[in-house]
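The data below hold one chain only, encoded as structure tokens and taken in the form predicted on its own.
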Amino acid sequence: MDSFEDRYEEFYGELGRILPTDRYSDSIVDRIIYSRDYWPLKVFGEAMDGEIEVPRLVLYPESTEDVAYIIKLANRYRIPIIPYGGGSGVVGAAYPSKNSVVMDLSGLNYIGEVDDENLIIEVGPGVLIFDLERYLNSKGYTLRHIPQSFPEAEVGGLIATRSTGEFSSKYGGIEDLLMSLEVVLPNGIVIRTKKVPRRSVGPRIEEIFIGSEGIYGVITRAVLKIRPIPNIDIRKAYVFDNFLAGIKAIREMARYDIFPPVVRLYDREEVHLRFAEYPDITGKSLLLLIFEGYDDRVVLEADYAEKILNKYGKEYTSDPVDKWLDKRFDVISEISRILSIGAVYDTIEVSGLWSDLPSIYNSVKDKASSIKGVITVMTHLSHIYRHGGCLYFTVGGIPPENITLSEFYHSVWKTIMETVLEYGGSISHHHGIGLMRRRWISREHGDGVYLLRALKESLDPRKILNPYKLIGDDDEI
């Protein structure tokens, strides 16, 4: 069999006969730029020891036709392709595998006209969610999908990782805002799903690609659901003696169909870090709420929530809500501050039923705090549902002497993942699997993982699309 180098040379040669030279680059600068996302293990690791792995080539398609051509060619020569969006992922889903080629989808940045009658819009995967929201706002509409990665995330990546946003408790995750998709399969065939509100024609095809992290196909168009911009918002904050009291209050609120778009409950450790200027709530748990809508129903909802929440805690000034809105995207300065003291941290989001969340919270806090080198374990709850919610554990520490950064980091993750599984939770709510979580994918899905692997084998037998990601398949290419 011919070697990879032989196949790559043929691939590169054919590529150059079809694509303009400005749509691909093998310069070391470009390759380094696309060698990572925001996976903390690699961000902190590169800063401390300089390790870096780069792809062989970076491609810049500008159309569905470009993507289909590239994938057909890659399939013929068995060249691994890594779809790349905004690079804002945090679990290594966009990291290049050995001898891979990165395909940057930012050139597919089409934004269609607003369909006012049906409240939908068609966009390309390379559109920044920030730019899309700004465009919609200028027309009087909103998608209302605002993740932590809002300044740099692209639509395709948000769909491929099953993203959710800060306003999700009312509006849902990206899967709830998606109507239809255009996708290039690993054999280069382009499929398009129908634009209808709902249909009963077998399994929903879009679900194959939502959260698939690019292993089953490359998204090239999406039709998204939009709404008029809410013109009323009410900001509230409540203080509870402890985190579990806050969980009980939120659970009762959800039981009776009260779903403010923003629901964020912080435990005392996170309150101490993020809201230190409010000394009267030191040692307490803090809940931030934003209600919004178009008429007096917003006021009624906030009033009814108040009756429930005051049974468990007490209302506080809304100033912390304003502070959170102002600082919520300031991630770079936080990373820089942590690096300056030689520390490492990560935020690990999981989900569970209301009945399981207290056990998950208490056990993760206890076990993670006992790891040598861990300085803090902070938690907040958000993204609520009638049946449960999402917990974010932010763990920070300094690797002990004779323990590498990687060993320390993996020990924290192992402790949290296995504790969450022990108590019935899910190992990810919306950050995805990538490289970091794949070792637990079989325990998460049980025998269901065979369906995911069988689908990969059927659609992509040569394993060219984002290999080694999501399903934990370590076979060599």
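Every value quoted in this text rests on a predicted model; they were computed, and no experiment measured them. Position 1 is the first residue in the sequence shown; the rest follow in order.
What comes next is about the form predicted together with a small molecule, which does not appear here.
Asks: Run the contact test on Y38, G156 and G214 with a 4.5 Å heavy atom cut-off to the small molecule in the model of the complex and return yes or no.
Replies: Yes, the whole candidate spot contacts the small molecule.
Asks: Looking at G86, P320, P80, G313, which is the one with a non-hydrogen atom within 4.5 Å of the small molecule in the model of the complex?
Replies: By the 4.5 Å criterion, the partner-contacting residue is G86.
Asks: Any chance Q148 has a heavy atom within 4.5 Å of the small molecule in the model of the complex?
Replies: Looking in the model of the complex, residue contacts with the small molecule include Q148, since a heavy atom lies within 4.5 Å.
Asks: Just checking whether H430 would be counted as a contact of the small molecule in the model of the complex - the rule being heavy atoms within 4.5 angstroms.
Replies: Heavy-atom contact with the small molecule at 4.5 Å: present for H430.
Asks: Indicate whether S163 is a 4.5 Å heavy atom neighbour of the small molecule in the model of the complex.
Replies: The answer is yes: S163 has a heavy atom within 4.5 Å of the small molecule.
Asks: Does the small molecule come within 4.5 Å of any heavy atom of I219 in the model of the complex?
Replies: Residue-level check for I219: yes, a contact with the small molecule.
Asks: Name the stretch, out of 53 to 61, 24 to 32, 430 to 438, 409 to 417, where some heavy atom lies within 4.5 Å of the small molecule in the model of the complex.
Replies: Among the candidates, contact is made by 430 to 438.
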